[in-house]
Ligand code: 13P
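The chain below stands alone and is given as structure tokens, in the form predicted alone.
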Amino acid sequence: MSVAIASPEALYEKLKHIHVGNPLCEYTYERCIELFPIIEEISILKEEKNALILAHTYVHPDIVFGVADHVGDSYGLAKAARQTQASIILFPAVRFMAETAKLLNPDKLVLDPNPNGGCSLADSIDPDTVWRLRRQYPQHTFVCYINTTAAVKAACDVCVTSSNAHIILEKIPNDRIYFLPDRLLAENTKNRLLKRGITKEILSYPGSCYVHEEIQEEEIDLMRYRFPDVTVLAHPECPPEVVQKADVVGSTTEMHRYVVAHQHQRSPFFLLTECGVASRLQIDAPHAKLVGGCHLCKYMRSNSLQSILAALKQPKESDIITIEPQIQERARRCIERMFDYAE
């Protein structure tokens, strides 16, 4: 949860340590002077309107450390949305995450301030395709990644996240699973279950996250050549050959927690995910040595303090999340089953 920023100087002191190889993630004192009035106005409006800001780790650090009340991965933010007493939920991330918050809070105003809130993974599949697949595979339990639209969730049986997919797939009382839309997470989850002696038929749809799909195993080989003692952490949306070479595999939150807990080790960390995790760790784990490049998600990075402020002041129709009642009911059941299995 964010701590109120008292001045431009305090903002600069907070963000000046971020250096991940991309100018969008670096903060000069002059930039902090420009950003501070926006942060201050957002903070005032949050209190006046009883608004909660949920931010994914992948958005800009000025949002994460300047105005967000909760920061995390899809699962943690869904839990925060489920538990809040706020009147308004504002969700700087991508559209499907704001939809999830609305599914869990049908009577609250949920706002998506992102002018480009798409997602290559969520956009890879539509509900008509799911219903067609269900007719083709009537004996299978349909499991959807949380990175899907509400309409796709409404067509599925249970939802999962990268942190709990292996737990839920093991618990589902059916050995026939159709996992969508992420073929890479499906394959990595299947391999994880096989290592534990759990054999299920897991079919998958050919969707993927463009950021993680582009990560290559050669990156690990190069980094191990340069730093033989490096600890490699990979997100399970990466290709299986990347995951198999990693030392630690986990969601953004799991990667963050690992580095925070091991930050005093002398050897460096190499993070294979969107560079928002590295940005957070340069503040939350100042003793950790991070090496490697920066992978940016163009959808997550479309969020800005300016768009958050505009949505809080006077939301446009496109900012407001609305879901048809029939889809709302079915999709919420899909998500609630996730909580039932995972908890």
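Treat the numbers as computed from the prediction; the structure is a model and nothing was measured. Residue positions are given as counts along the sequence shown, with the first one as 1.
The same protein also has a form predicted in complex with this ligand, omitted here; what follows describes it.
With a 4.5 Å cutoff on heavy atoms, Glu237 counts as touching this ligand in the predicted complex. Residue contact with this ligand in the predicted complex: Ser251 places a heavy atom within 4.5 Å of it. Contact check for Ser74: a non-hydrogen atom falls within 4.5 Å of this ligand in the predicted complex. The shortest heavy atom separation between Ala165 and this ligand in the predicted complex exceeds 4.5 Å.
With the partner omitted from this view, the residue of Lys102, Lys153, His256, His212 that lies near this ligand in the predicted complex is His212 [heavy atom within 4.5 Å]. Site annotation in the predicted complex: the residue of Leu272, Ile89, Met97, Cys144 reaching within 4.5 Å of this ligand with a heavy atom is Met97. Heavy atoms within 4.5 Å of this ligand in the predicted complex belong, among the stretches 314 to 322, 54 to 62, 25 to 33, 278 to 286, to residues of 54 to 62.
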